[in-house]
Ligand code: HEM
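Okay, here we've got a single chain as structure tokens, the form predicted on its own, with questions on binding and movement later.
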Amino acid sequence: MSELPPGPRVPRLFQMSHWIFRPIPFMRSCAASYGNAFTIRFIATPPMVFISQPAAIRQVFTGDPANLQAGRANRVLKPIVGSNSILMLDGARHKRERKLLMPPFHGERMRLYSQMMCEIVDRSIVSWPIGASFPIHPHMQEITLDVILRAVFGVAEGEQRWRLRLTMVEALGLAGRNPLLLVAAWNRLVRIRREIDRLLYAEIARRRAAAQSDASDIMTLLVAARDEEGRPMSDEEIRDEMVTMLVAGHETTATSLAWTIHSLLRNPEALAAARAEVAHVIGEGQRLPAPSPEQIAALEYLDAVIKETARLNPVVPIVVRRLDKDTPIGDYNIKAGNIVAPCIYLTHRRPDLWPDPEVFNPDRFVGRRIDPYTFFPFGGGNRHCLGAAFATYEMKIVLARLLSRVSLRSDGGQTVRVVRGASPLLPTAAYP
């Protein structure tokens, strides 16, 4: 077996530049030139092997987590999410943290969030212009941030929530900048991080002081959580997990929603089918009650629309693992210290797995169980996203509310292009 698959021979600086500024054309070009696996090289990092073949992806997702280390591979995120984030952990610490974080995201808790999510969507809709063009993505950002503040952070209306929201909006705006411009704004980013820390630690202290609480927000549940030895999470651990949920759960969900709406507006038959399903299961009109979890679960076609959008436009293009020892993956024996990257984007567009892969067709997912090594927008194995059920439920609530209350149409005078945000790939309307 060879040690590494072939890849571009241009200097590392050029490869990094392509990845930062034009990731999709770069991935597609490499796949066209080198096939199922290729190696790219960046400055100051180990070689990264992209794979898109399901058999190789299965080897990664079912392999020994002690060898295939996601935490070590994600070190670039440490300045953003902190060293205690579940994204940074491997081994026993990752296993402990995951067990502590799982209960707040249990499916039964979704029932508590339906009314709140509908109220947030309804409040946003009121501000939308009638009969005029407007970008949808900022409104999705507003909705998902408010969901984070209420369901995850549990911050009530008032000055504290206003300050936290304002600071987070500023931080997320900086994180979405061109990386070169971000360097120039580093001092500002440090100041914002200190303010977020001050606000979060104050909230954590308030929850600890309350001791017993019937609050259902995720921060309060984490304060009360205990591991198998009866130990609570530290303030630093809670802080890092809350920032992780903000980074991983706000922009990604907003982007997925924007892409889904874009997909529906470009495909009138799918839009009509989704609207008809929502009307049949939930109803339509301005004064509908919040849907029940059972009603949300019954929206099978809407779920397929969300999945098909995630297939074509995954907001995170790859997942990564760093090898602790030499490991055979696919046709290669990859040396310890290198990074292997199952590529979500390329796998989701393989014509041998998805007939007519560039065509939007939600029927691919209706009544079918999909192989987790051919479709994995939330990652896989022991690192499958803990918030996947929460994000999907939130998306279905938001979309069902929109389809039952408003009528949107695409502005044919604009085109849509993809830009890189803080981590996801964002849809951005660009005037031709």
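Residue positions are given as counts along the sequence shown, with the first one as 1. Every value quoted in this text rests on a predicted model; they were computed, and no experiment measured them.
As for the form predicted in complex with this ligand, it is not shown, yet the points below apply to it.
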### Three-residue site I86, S256 and V319 fully in contact with this ligand in the predicted bound form at 4.5 Å by heavy atom
yes
### Query
Does R383 reach this ligand in the predicted bound form, with heavy atoms at most 4.5 Å apart?
yes
### Message
My question is simply whether F390 lines the interface with this ligand in the predicted bound form - judged by any non-hydrogen atom within 4.5 Å.
### Response
yes
### Message
Since only the chain is shown here, I'm wondering whether F105 would be in contact with this ligand in the predicted bound form (any heavy atom pair within 4.5 Å).
### Response
yes
### Query
So, in the predicted bound form, is G249 in contact with this ligand at a 4.5 angstroms heavy atom limit?
yes
### Summary
Of 308-316, 192-200, 284-292, 222-230, the segment with heavy atoms within 4.5 Å of this ligand in the predicted bound form is residues 308-316
### Message
Within 4.5 Å, heavy atoms only, which of R98, K78, R266, R206 is in contact with this ligand in the predicted bound form?
### Response
R98
## Note on the structure
In this chain shown alone, the residue from L302, M245, I329, M140 with a heavy atom within 4.5 Å of this ligand in the predicted bound form is M245
